[in-house]
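The chain below stands alone, shown as structure tokens; this is the form predicted on its own.
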């Protein structure tokens, strides 16, 4: 027997329906925020990720050389592809608001909430450098979780890469990239290991306590400017003010809690401003979503400067969080019918009715098993259909049918020719 490849998953029908409903909520919410859907390719040139994603990401790619000698990779993230698409079009009116739902691949150690293949909800705003775009992106991510039933179950930690660079330079760290990388691993290292590595980077180790006191703390945004020394605060008043005001704007879009967390810097090398990550309040899972501002990636990829802010929300952690909160069992097929047949002579009539129902937009399954009626009804219930229609010799002879609401147990009987009226009657419980 050939088993599935490690780090990849099989998805059976009982998971596909709630997963597709989750994706439908993502599409619906993005569309309500006036984002337009795009689709990106599964393969890109490896050089696209050499530009600025960071060396760590390159080691995690599923890369290969094709028959033409070109270095290609299964896409490990969406943003470079989206930026490549955007910068290849000179006719687009800014700002541009795009979203996509691609599959991504990374060669990482599989663990809870992380596999080697996953689907990601990705959304970006291009051509708008304002805090309003930052707030709208965070608002879209939070509104999506809210519509999935997770309001109050998560919080958003935010930071700013420009502010962190000022902090790192202020404590004597000149290698900013290494500083970011170390902070990104803050929660993965012991306190002693982190402090030891931080002091190796600091030229003024006596100032390191300033950063150590900030890290790992969640600071309310309206108290943020009280956490910095006066001189530092004056020198960086604009950045701090923008973070606080962004939080105020987001509060108009969602009730989600936003806090400042200095340990949030995001691992990828192209972020230039605000960065953020969403986490479940209990702290049981990896980040639900993450993103930030990346105003220089267009310049790096296509020598085209473009302001940009965006986020990615993977399906794996989100699925775990929904299951924990009993929100994954969304198994009812909206507007679905099961046709229960009694005798072979009834199947042709059942097919004719099923065709009419499908033309009206319903999903229909015709049971041709000739099992007992009770077993057919049990099967219909197990498949979580909304309605059943029983077709037997008597129904055909009398030109009638019975529609049963599987949720309420109510049912109506009437002429087959009045199919639409019967559906309307049972759905409104006008028995």
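Positions refer to the first chain, counted from 1. Just so it is clear, the structure is predicted and the values come from calculations on it, not from any experiment. The term rigid core refers to the maximal set of C-alpha atoms that superpose within 1.5 Å between the two forms.
Only in words, not in the display: the form predicted in complex with a further copy of the same chain, which the text now covers.
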Heavy atom within 4.5 Å of a further copy of the same chain in the model of the complex - the one residue of 116, 155, 324, 207 that qualifies:
116
Checking 176, 239, 214, 347 against a further copy of the same chain in the model of the complex, the residue with a non-hydrogen atom inside 4.5 angstroms turns out to be 347
Contact stretch among 162 to 170, 230 to 238, 198 to 206, 78 to 86 - heavy atom within 4.5 Å of a further copy of the same chain in the model of the complex
78 to 86
Three-residue site 126, 285 and 408 fully in contact with a further copy of the same chain in the model of the complex at 4.5 Å by heavy atom
no
With a cut-off of 4.5 Å between heavy atoms, is residue 253 one of the residues that contacts a further copy of the same chain in the model of the complex?
yes
Does any heavy atom of residue 41 come within 4.5 Å of a heavy atom of a further copy of the same chain in the model of the complex?
yes
Residue 261 near a further copy of the same chain in the model of the complex, any heavy atom under 4.5 Å?
no
Exercise: residue 365 in contact with a further copy of the same chain in the model of the complex, heavy atom 4.5 Å
yes
What are the residues of 14 to 49, in order along the chain, with a heavy atom within 4.5 Å of a further copy of the same chain in the model of the complex?
14, 16, 19, 20, 23, 27, 31, 32, 33, 34, 35, 36, 37, 38, 39, 40, 41, 42, 43, 44, 45, 47, 48
Relative to the superposed rigid core, does residue 33 relocate between the shown form and the other one - that is, does its Cα move 2 Å or more?
no
With a threshold of 2 Å on the C-alpha, tell me if residue 43 counts as moved between the shown form and the other one once the core is superposed.
no
Rigid core superposed: residue 360 CA moves 2 Å or more between the shown form and the other one
yes
